[in-house]
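What follows is one chain in structure tokens, specifically the form predicted alone.
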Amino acid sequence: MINLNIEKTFGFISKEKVSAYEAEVKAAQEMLEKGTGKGNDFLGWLHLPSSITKEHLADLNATAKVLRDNCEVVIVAGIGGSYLGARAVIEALSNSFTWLQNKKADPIMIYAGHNISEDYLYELTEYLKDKKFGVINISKSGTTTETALAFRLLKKQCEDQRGKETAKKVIVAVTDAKKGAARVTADKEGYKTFIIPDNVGGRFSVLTPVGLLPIAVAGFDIEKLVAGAADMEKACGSDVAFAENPAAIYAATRNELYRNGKKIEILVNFCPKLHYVSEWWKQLYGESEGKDNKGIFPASVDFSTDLHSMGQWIQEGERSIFETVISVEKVNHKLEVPSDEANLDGLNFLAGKRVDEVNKMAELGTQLAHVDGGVPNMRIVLPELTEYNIGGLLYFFEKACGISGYLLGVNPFNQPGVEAYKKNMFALLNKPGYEEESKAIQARL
């Protein structure tokens, strides 16, 4: 179970002010539980972990086995919440260099449909030419441009290379239950399908088949992931006292910091495997809270790497930021610093120490320096990188996001601003049905 520490925010804000959020938080939690707040059509994530059945997990694992048995490479085609959750978990739990090894126990996981780069897609299709590959196509509508374009290319290549019958076996659709282009295609071609629930938005969908299927294909234990999330669901429940509820405290603290001029939250890790957890978190909070000209801007850094690039700004730049540090207590491997007779690098004082001890002292030293420099710090401690703990972390952030959005006074479950670029893009591409928009936008160019 994760542990949240907000002590290093005091001095910037007071413990009493955070505690004073109890009534507001309780009201926000009631809005979530009773479905009386804005966006109440999208609360399916709230009790999702505890409602996932063994049969559902068995179905996902069986499909994952088909892909694992028949594919060297599996492409996850999706954008935003349709791939970030899966990628966050897979990269957090994977060996960083497995993809470079000749003998692989698990398929290589590749991501597509999250950009419109011709070079990326060309290089991907070239790489796949001699590979036994499969595709997990993740799209509720099947018409999201980035994903639909990539899937069109991959579907054709898979059928051409592997034949229609094999392609039918190694292409899986995660989509709407009844409607949309991806559903029609899947039914027509006879693909195995999983449903994206109507009441779960993309950025909250990691514990649906959107995330669980790719995670299972990558070789990880989705039962443990769900168990961690289910335990966190209980720990963050509306019946848990405010002072003991990590999601409530996190939501209250970040909102109090925001009301005191801290407009940017930087999610920090000292473990590069957590990079995509930060990317997932940025979408979750940015898309949920950034509306009505309000919202904390979510940023992220990988330390100690980025201490040599962003460290100066964080230490001495505009004091509009606070940090939330994810700290991993126990690493998976052991490596000691060797002694060197010449000691030209001056590191013999570290000889015999674990590399992780050096990293932990960098973490502690950084926190003290940043707090001294005017940056409030929160700290989330993960006991170790396991499916169970990552599942708990993801649900913790989701629940806190729902509470935090209501504290901010916005609808945390819509994203109307995402459509703005699409209208302009379709108009510029002369998409049928956008004739008037095309004329208007051409006049502006």
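For clarity, every value in this text was computed on a predicted model and none was experimentally measured. One-based numbering along the sequence shown.
Not on display, but discussed next: the form predicted in complex with a small molecule.
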May I ask whether E91, N269 and H333 all come within 4.5 angstroms of the small molecule in the predicted complex, judged by heavy atoms? no
Just one of 138 to 146, 351 to 359, 235 to 243, 98 to 106 has heavy atoms within 4.5 Å of the small molecule in the predicted complex; which? 138 to 146
Could you tell me which one of S327, T193, Q283, Q161 places a heavy atom within 4.5 Å of the small molecule in the predicted complex? Q283
Only one of I79, A167, L154, V375 has a non-hydrogen atom within 4.5 angstroms of the small molecule in the predicted complex; which is it? I79
Answer yes if any heavy atom of G202 is within 4.5 Å of a heavy atom of the small molecule in the predicted complex; otherwise answer no. yes
Using the partner position in the predicted complex, report whether K17 sits within 4.5 Å of the small molecule, counting heavy atoms only. no
So, K422 and the small molecule: in the predicted complex, are they within 4.5 Å at any heavy atom pair? yes
Determine whether any heavy atom of V418 comes within 4.5 Å of a heavy atom of the small molecule in the predicted complex, and answer yes or no. yes
